[in-house]
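Below you'll find only one chain, the form predicted on its own, shown as structure tokens.
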């Protein structure tokens, strides 16, 4: 018998059209919450989000929808709306990314929800939050990565050296929206822990500003970082014989390990380089030497030796290499679930664990309306506090 998960017994209703709100629901589901996706009649738009699996379904939705239930409801229909509120009455958390302008018309504005469900944690997840001058703004992933500041700094380091004329980039996938989902899930759980029904306003932009906190802090001394100037003094992305690695040395012992990794060449054993400030001032020269040396090094051997010497270094892996990685396999990070066709797909169980074993993925993403019978008959139950 599997150990209980932290949120066993907690019910969540998720009204999500975007990745951030859906990812918040996915994290709660991974921790054991019973999460109901309340999809519109034409289904969640995330089901139509590329990339697609061989069986035709969305790979993104296969992950975001795992461990959840699905009901279809049209909040413009009075009967469906009542059924929806019956489902919400049985829940402790409502996750919602309905645009602010549309909430009152669907009975999802904070005042209406609080009046009808005073026990509820109403978790709003929007690109720029539910209040303030930007509350009505839309925002996709590319907007969020730049609104949070990180896009202004990409590409940098080796990428900027090799391709100085490239335009700003966004990080692959849904980095910014998932950061918003993490912040939202934590905010919702904090509210749940309080034992009081309340409205929680999560902003994807705010979550991503926190990611680039160091760059924001430097505004105080008049420094404005830019992708053409922001880089590690030495290290960063290094090209090897058969791929790339990321190198970062912040501590003295890590520098000493790097010198040993390099084979203690004369330039690296210069007594002047024992001083961290001097190393920073010679960063370009150090990087040129490291890159020249690494160009003939195989990635796997180099990373293995670096780890033995305590040098922070990691490879840039392909998706297949990640799925087959030794650490990922040993930790059971990926679990196999049924895909939309006949094939199975592997999804991340959770980005955290609460014991020796990874959290299970017991249920694949459901078909639209797979749990429709639960929409009309879901008895309310007493809310449970999350235990410390």
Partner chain sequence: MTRPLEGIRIADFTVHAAGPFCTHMLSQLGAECIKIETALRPDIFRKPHAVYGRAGPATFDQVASNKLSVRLNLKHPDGVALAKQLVAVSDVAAESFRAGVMKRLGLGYDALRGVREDIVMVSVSSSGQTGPDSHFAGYAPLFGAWGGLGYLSGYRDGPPVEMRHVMDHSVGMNAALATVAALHKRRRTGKGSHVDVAAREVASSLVGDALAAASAGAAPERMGNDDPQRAPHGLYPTAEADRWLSLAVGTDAAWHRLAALMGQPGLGRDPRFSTAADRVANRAQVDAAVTGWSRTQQPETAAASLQRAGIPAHLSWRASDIVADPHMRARGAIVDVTETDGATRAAVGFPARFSGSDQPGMTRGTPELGEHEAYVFGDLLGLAQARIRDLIAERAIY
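Positions refer to the first chain, counted from 1. This is a predicted model, so every value here is computed, not measured.
This protein has a second form, the form predicted in complex with the partner chain, left out of what is shown; the following refers to that one.
Colleague: Could you spot which one of 159, 297, 112, 289 gets a heavy atom to within 4.5 Å of the partner chain in the model of the complex?
Modeller: Comparing distances to the partner chain in the model of the complex, the residue within 4.5 Å is 159.
Colleague: Of 72, 209, 90, 262, which one comes within 4.5 Å of the partner chain in the model of the complex, counting heavy atoms only?
Modeller: Exactly one listed residue reaches within 4.5 Å, namely 209.
Colleague: Residues in which of 265-273, 149-157, 99-107, 73-81 have heavy atoms within 4.5 Å of the partner chain in the model of the complex?
Modeller: Of the stretches listed, the one contacting the partner is 149-157.
Colleague: Taking the shortest heavy atom distance, is residue 94 within 4.5 Å of the partner chain in the model of the complex?
Modeller: Answer no; every heavy atom of residue 94 is more than 4.5 Å from the partner chain in the model of the complex.
Colleague: Looking at the partner-bound form in the model of the complex, is residue 170 within 4.5 Å of the partner chain by any heavy atom?
Modeller: Looking in the model of the complex, residue contacts with the partner chain include residue 170, since a heavy atom lies within 4.5 Å.
Colleague: Does residue 117 make contact with the partner chain in the model of the complex, using a 4.5 Å heavy atom cut-off?
Modeller: Outside the cut-off, so no.
Colleague: In the model of the complex, does residue 362 come within 4.5 Å of the partner chain, counting heavy atoms only?
Modeller: The answer is no: residue 362 has no heavy atom within 4.5 Å of the partner chain.
Colleague: Listed by sequence position, which residues of 126-143 have a non-hydrogen atom within 4.5 angstroms of the partner chain in the model of the complex?
Modeller: Heavy-atom contacts within 4.5 Å come from 128, 129, 130, 131, 132, 133, 134, 135, 137, 138, 139, 140, 142, 143.
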